[in-house]
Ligand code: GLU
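Below, in structure tokens: the form predicted alone, a single chain.
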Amino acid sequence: MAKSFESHKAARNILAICAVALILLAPPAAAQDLQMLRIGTGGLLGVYYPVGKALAEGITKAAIAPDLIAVEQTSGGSVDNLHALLAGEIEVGLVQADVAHRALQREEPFTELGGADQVRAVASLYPEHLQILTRRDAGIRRIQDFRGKSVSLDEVGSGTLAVMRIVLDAHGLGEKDFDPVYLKPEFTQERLAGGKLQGFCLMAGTPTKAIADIINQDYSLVPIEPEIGARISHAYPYLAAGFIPADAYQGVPQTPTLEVHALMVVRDDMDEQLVYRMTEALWNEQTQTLLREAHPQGQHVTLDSSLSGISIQLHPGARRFYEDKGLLPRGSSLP
């Protein structure tokens, strides 16, 4: 994990250096007043990145604070974003609800993570689905068929890897039973095409570019059987049995799997009024349009489902917004 986390930390540092360079090139008064709101997303071919980019643009255009610019940053995913948020390397993160809950409970892989109780939710964005793409010629029809195969479980620091470890355990498997690879999907395509890799896993909204770009008759999606999904959900309440919709990918039938909500999170010490205005900006028509244009999953980011599947406490600024909108009774607790 250290190597992956450090590589993304280095990438964030490069982005920060570029941002500082832009600030230094600005007029002195502007450089002095400019504020950065960094949003941790995920890999370039996932859904977090285009969604985070649309959120950054919407928040910037809403002018929620003087001279504030929101910027999206790539990352390893949910776990990486939580670490970065608590380290002060980002101000906002996109995180799976189950990952946020496990961090709060100090469960694996967060047993040594300090400060997880400082993370607060701003909104639930949309449901994510566990998607396992494999080569048909590999003969992987179910999770048990991973034995002896080479499959990417996504990068260390990703929510996908955290979920896949739960899935493997539910099927009586461990990473020692096959040849696991820890790469973002964008780094697996050449290996898949060359037969050096038999599949990859990704927890993301549907459709996701990583799969849509390559799926054809040579590939298939591996299901998580509903009864196993129900057992997992009983043990991990924020993971639910669900389905990848039919024709989310052309010609692919409805596929049973696991789903979880993607949350927008901040630290509890972020200014209450700033979070209120950021929540307001998230749900304005301009940002909603940007989200719909950024990715098909953007149509599922709606105010009506903004409190669905939230697994940690709301930030007071976000809570006040939802109370003002009549979506949350004043004084109620959530979750």
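The model shown is predicted, which means the values in this text are computed figures rather than measured ones. We number the residues from 1 along the sequence you see.
FYI, the form predicted in complex with glutamic acid isn't displayed, but the following is about it.
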Please tell me whether any heavy atom belonging to residue 52 falls inside 4.5 Å of a heavy atom of glutamic acid, as the geometry stands in the predicted complex.
no
With the cut-off set at 4.5 Å between non-hydrogen atoms, does residue 103 touch glutamic acid in the predicted complex?
no
Considering non-hydrogen atoms and a 4.5 Å limit, does glutamic acid approach residue 159 in the predicted complex?
yes
At the 4.5 Å heavy atom threshold, is residue 198 in contact with glutamic acid in the predicted complex?
no
Heavy atoms within 4.5 Å of glutamic acid in the predicted complex: which stretch in 169-177, 237-245, 135-143, 203-211 meets that?
203-211
Residues within stretch 257-291 having a non-hydrogen atom within 4.5 Å of glutamic acid in the predicted complex:
none
